[in-house]
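Given as structure tokens, the chain that follows is alone and in the form predicted alone.
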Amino acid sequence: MSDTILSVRSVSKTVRTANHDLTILHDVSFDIRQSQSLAIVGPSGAGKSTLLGLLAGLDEPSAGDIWLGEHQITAMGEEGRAKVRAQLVGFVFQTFQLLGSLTALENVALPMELAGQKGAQDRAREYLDKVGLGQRVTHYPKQLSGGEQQRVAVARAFACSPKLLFADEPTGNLDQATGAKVSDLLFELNEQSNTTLILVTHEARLADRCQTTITIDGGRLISQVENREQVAVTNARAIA
């Protein structure tokens, strides 16, 4: 399809252990359209985070091919994959991944500054305002709550205008109420930015908000289901 932003073909991942080879993923294939939201679910140890790392080009599969847009990242070395990530990809991690020596503003601006983008500080302020932290720009991570730190991480991810946003258990370290606020923010900004959202989650309520859910179990893709309600909402917005 012409609007496919991510294509996965027969991807497997095997690692060598002390006694034998361990297959973490086996023959996984699917496509994701531009601006689609996808949840990857399954039991602990099923291979969800491993798959996410492969999709983002953070690791290499043992077999198979992955395309991000027009880029076949499985045919690239680490330097090539890093360039594609810088152009197309944003991340939100369970553990926030903020630099403790930088303020909230500096954490959000840093990826843009490293990419040589002009106006990085102004754009960082804009996105901190969007996540409700406009008054906390000079605060360091240790001065922020867990929910506030994750909001900084969300602002950092979206400020770079990624085509794809990968989120690994984005509410996993937060209490239920704070997690709900962060997930609302994640989907709100995703809709505004027209980004393709791919998230790993154990939370059914978070997965239900995505247009498509794939289930990984024992390293295999055992189901791919479209949330008809979410697809209908998205189509209605597109028409409007």
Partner chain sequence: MNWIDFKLLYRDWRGGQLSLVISALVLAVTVVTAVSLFADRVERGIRQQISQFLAADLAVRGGIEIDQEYRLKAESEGITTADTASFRSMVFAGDKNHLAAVKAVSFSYPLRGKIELSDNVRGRNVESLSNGPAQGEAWVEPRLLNLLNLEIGDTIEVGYLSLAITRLIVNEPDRGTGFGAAGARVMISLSDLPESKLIRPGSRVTYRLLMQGDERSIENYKAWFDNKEAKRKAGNAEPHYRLLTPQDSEEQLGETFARGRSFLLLSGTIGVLLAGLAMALASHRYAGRLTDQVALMKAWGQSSAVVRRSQFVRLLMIALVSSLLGMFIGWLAHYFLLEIARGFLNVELPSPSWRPWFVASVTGMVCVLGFALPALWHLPTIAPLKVLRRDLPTSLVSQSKRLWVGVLALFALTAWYSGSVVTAALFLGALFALFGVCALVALQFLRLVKGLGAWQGSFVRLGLANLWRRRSQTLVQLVAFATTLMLLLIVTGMRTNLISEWEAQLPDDTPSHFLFNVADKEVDAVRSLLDENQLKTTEWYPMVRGRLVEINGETITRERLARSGGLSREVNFTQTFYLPDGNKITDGQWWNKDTENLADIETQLNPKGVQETLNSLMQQFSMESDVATELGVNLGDVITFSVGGLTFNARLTSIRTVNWQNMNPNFYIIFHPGLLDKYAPNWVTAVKAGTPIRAEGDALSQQAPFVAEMVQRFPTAIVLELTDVVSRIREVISRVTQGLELILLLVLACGAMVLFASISVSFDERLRENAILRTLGSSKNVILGALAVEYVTLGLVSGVIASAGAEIVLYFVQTKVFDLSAQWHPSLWLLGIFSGVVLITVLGLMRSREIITVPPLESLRRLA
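Numbering follows the first chain given and starts at 1. Just so we're clear, the structure is a prediction, and the values are computed from it rather than from any experiment.
There is another form of this protein, the form predicted together with the partner chain, and it is not shown here; the text below is about that form.
Within 4.5 Å of the partner chain in the predicted bound form, a heavy atom is found for all three of R85, Q143 and R156.
Heavy atoms within 4.5 Å of the partner chain in the predicted bound form map, among the stretches 187-195, 27-35, 58-66, 211-219, onto 58-66 alone. When contacts are judged by a 4.5 Å heavy atom cut-off, T178 does not count as touching the partner chain in the predicted bound form.
Taking non-hydrogen atoms only, P111 approaches the partner chain to within 4.5 angstroms in the predicted bound form.
Interface membership of T103, defined by any non-hydrogen atom within 4.5 Å of the partner chain in the predicted bound form, is confirmed. For L52, a non-hydrogen atom is located within 4.5 Å of the partner chain in the predicted bound form, even though that partner is not displayed. Residues of 159-176 placing a heavy atom within 4.5 Å of the partner chain in the predicted bound form: D168 alone.
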